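A single chain comes next, written as structure tokens; it is the form predicted on its own.
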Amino acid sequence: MALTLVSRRRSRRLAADAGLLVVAAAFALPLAWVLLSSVDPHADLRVKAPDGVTWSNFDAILTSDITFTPLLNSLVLCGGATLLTVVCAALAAYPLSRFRSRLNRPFLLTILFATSLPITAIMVPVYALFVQVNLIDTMQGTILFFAASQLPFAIWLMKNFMDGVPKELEEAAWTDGASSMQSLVRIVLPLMGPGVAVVTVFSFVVMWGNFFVPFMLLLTPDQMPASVSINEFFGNRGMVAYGQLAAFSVVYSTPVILLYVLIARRLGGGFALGGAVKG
């Protein structure tokens, strides 16, 4: 009987490992194609060893018009929208987490409904509104819409992390004369550093890869982010510069990787309570 249980567990473990390997391969193959094709002078859609290593693909794309200006536009758009999202999410999540009200649950359900709306369903009225208020083809208008579209899910994440910070710490600060804003900035947010990091990374990554929103709201080519300019590598009549496309994809992915590396320690850590609620 014991041998049968052991064999069943082993077979289940092998099945789970096999499933994970399939999922890993599904992600590894596109990544392998990008890395190999970026240095292949004769790159195509196949995942294969390069015919010969060359840096000509990077030399062709590392120009102001193709790479540097679109990347700078992406950093301005996504960085500004991420900062606005994190600040607004913290301010909105704080009363939802700390103060009880009959409106909390309806408000959270409304936010949950807002997260389920597809972006394509609201782009037509948003475009018409932006035209009326003269925000079309402006960086600040796109930043505002980026932040607004990402804010509902950011509030949900921020509130859940904020619920894990003991309220006793704030009550002690209130006794010493601190305001709610001071306790939020000086106590709650420092203690929920991993939560803020998660919201920051998630918001930035979602915005960084968004093609549809800047494509619709920005009209001037000089303002287009990298997520839109990558479309230039797909030429007419099905002609695609695969090697340059792969090289651009490597450069395009670098800021996201650097962001994750910079705050990886915060993501891996827990809440820095460290016995602050003791004695």
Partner chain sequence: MTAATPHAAGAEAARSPSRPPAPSGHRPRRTLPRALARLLPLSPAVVLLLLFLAGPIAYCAYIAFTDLQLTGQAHSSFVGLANFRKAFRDEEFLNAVWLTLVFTVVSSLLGQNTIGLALAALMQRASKPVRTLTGGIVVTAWVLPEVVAGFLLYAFFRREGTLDAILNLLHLPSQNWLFTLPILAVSFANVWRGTAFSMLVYSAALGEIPKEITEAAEVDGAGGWRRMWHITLPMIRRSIGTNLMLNTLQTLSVFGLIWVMTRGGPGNRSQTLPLFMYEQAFQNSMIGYGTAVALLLLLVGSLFSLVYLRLLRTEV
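Definition used throughout: the rigid core is the maximal C-alpha set that superposes within 1.5 Å between two forms. Numbering follows the first chain given and starts at 1. None of the values given here were measured: they were computed from a predicted structure.
What comes next is about the form predicted in complex with its partner chain, which is not displayed.
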{"property": "Its partner chain contact at residue 120 in the model of the complex, heavy atom, 4.5 Å", "result": "yes"}
{"property": "In the model of the complex, residue 227 touching its partner chain (heavy atom, 4.5 Å)", "result": "yes"}
{"property": "Distance check, residue 256 to its partner chain in the model of the complex, heavy atom within 4.5 Å", "result": "yes"}
{"property": "Contact of residue 105 with its partner chain in the model of the complex (heavy atom, 4.5 Å)", "result": "yes"}
{"property": "Single option in 148, 198, 139, 187 placed near its partner chain in the model of the complex, where near means a heavy atom within 4.5 Å", "result": "148"}
{"property": "Single option in 79, 152, 193, 164 placed near its partner chain in the model of the complex, where near means a heavy atom within 4.5 Å", "result": "152"}
{"property": "Any residue of 208-231 that, in the model of the complex, places a heavy atom within 4.5 Å of its partner chain", "result": "208, 209, 211, 212, 215, 216, 227, 230, 231"}
{"property": "Core-aligned CA displacement of residue 254 at least 2 Å between this form and the one not shown", "result": "yes"}
{"property": "Core-superposed C-alpha of residue 212 shifting 2 Å or more between this form and the one not shown", "result": "no"}
{"property": "Cα displacement of residue 221 between this form and the one not shown reaching 2 Å, rigid core superposed", "result": "no"}
